[in-house]
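Just one chain is shown here, as structure tokens, and it is the form predicted on its own.
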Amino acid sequence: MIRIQEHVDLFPYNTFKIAAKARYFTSVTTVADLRELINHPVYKQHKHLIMGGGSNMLLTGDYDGLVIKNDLRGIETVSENDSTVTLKAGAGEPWHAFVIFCVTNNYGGVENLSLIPGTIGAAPMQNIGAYGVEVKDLIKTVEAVDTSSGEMHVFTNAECEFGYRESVFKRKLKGKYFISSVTLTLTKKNHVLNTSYGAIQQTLDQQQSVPSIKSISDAVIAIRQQKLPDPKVIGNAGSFFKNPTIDQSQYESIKKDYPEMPGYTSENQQVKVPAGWLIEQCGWKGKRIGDVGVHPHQALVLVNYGNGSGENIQSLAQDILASVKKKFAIDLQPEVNII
């Protein structure tokens, strides 16, 4: 039986620790709950916001509608053979808990994605990625419920239309489907270990560890804990901006003035530039304005030091966008969903 609450504080449900209220709030633990909710008058008469771990959103005020907390849990084995295993996980399952489940069982593929906040359901929506791995390379299917009819649809990997930190669920199907589960295929042996990105190999050397699923996961956790603030301690949503992709010619032109500018070749003669480096060059790293600021160890991360509002953080983000545009003629795009 669905229970809808009124005037609920969203502070515990968003990692930016923004004080905001939902006019209505409910959680769903089964697909049956969701289908019941879709027929409820409150659902039909108000706008709605689906919330997972609340780790990739910025609330800029109270939400005058229905917030739906995705609490569909569980991990089950769909199929396996000598080489691979296919797992189906509920969309409300915490992502890092799923990674640890895989690492513990020696299932390979997600170890580079350790300690990413959020839920399983947000993984395909954002096409989460880190240290040379993107979740799109592991996802087989995504099950989602039509938010109008309650009908279940199974999206193939191709139908998800994955891009850099994007998917069809963030674009043309935004708000039209409620992701209920994700099915991923992982390796059981002959694992492809990726240690070439970032400081993974350096960390393994420091720890005197041989590359393995467990040691790579441990290394990524150590790196992230060193570079990124814990949302339980200081409000943040991880990387606030996407790394921009620019033309090779523009990259070479900027590099004449900034020889140390990093860049990574991508598709179609494009170069991906670290947004954190651009922001740091504009003098924002470690800068604090009132109760919000830019983290001193990672310029990609905007933080709430205590009583900052969503509007404060949004204003800071806009100032950063403007300064990077002015200095480098590069448009940064937020990775975080601004509500």
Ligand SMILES: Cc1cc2nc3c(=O)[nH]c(=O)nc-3n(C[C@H](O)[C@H](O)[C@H](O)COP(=O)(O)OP(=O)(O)OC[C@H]3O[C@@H](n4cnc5c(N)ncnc54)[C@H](O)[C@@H]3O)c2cc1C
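All residue numbers are counted from 1 along the displayed sequence. This is a predicted model, so every value here is computed, not measured.
Separately, the form predicted together with the ligand exists; it is not shown, and the next lines address it.
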- Item | Contact assignment for the ligand in the predicted complex, among P211, G198, G129, G150, heavy atom within 4.5 Å | G129
- Note on the structure: From A275, M57, V271, L37: within 4.5 Å of the ligand in the predicted complex by heavy atoms is M57
- Message: Please identify, from 198 to 206, 177 to 185, 73 to 81, 260 to 268, the stretch that has a heavy atom within 4.5 Å of the ligand in the predicted complex.
- Response: 177 to 185
- Message: How about H191 - does it come within 4.5 Å of the ligand in the predicted complex, if we only consider non-hydrogen atoms?
- Response: no
- Item | Contact of G53 with the ligand in the predicted complex (heavy atom, 4.5 Å) | yes
- Query: Can you check whether K136 is within 4.5 Å of the ligand in the predicted complex, heavy atom basis?
  - Reply: no
- For L49, is any heavy atom within 4.5 Å of the ligand in the predicted complex, or not? yes
- Query: in the predicted complex, do T15, A91 and P229 all put a heavy atom within 4.5 Å of the ligand?
  - Reply: yes
- Go through 118 to 144 residue by residue and record those having a heavy atom within 4.5 Å of the ligand in the predicted complex; state none if no residue qualifies. G118, T119, G121, A122, A123, M125, Q126, I128, G129, A130
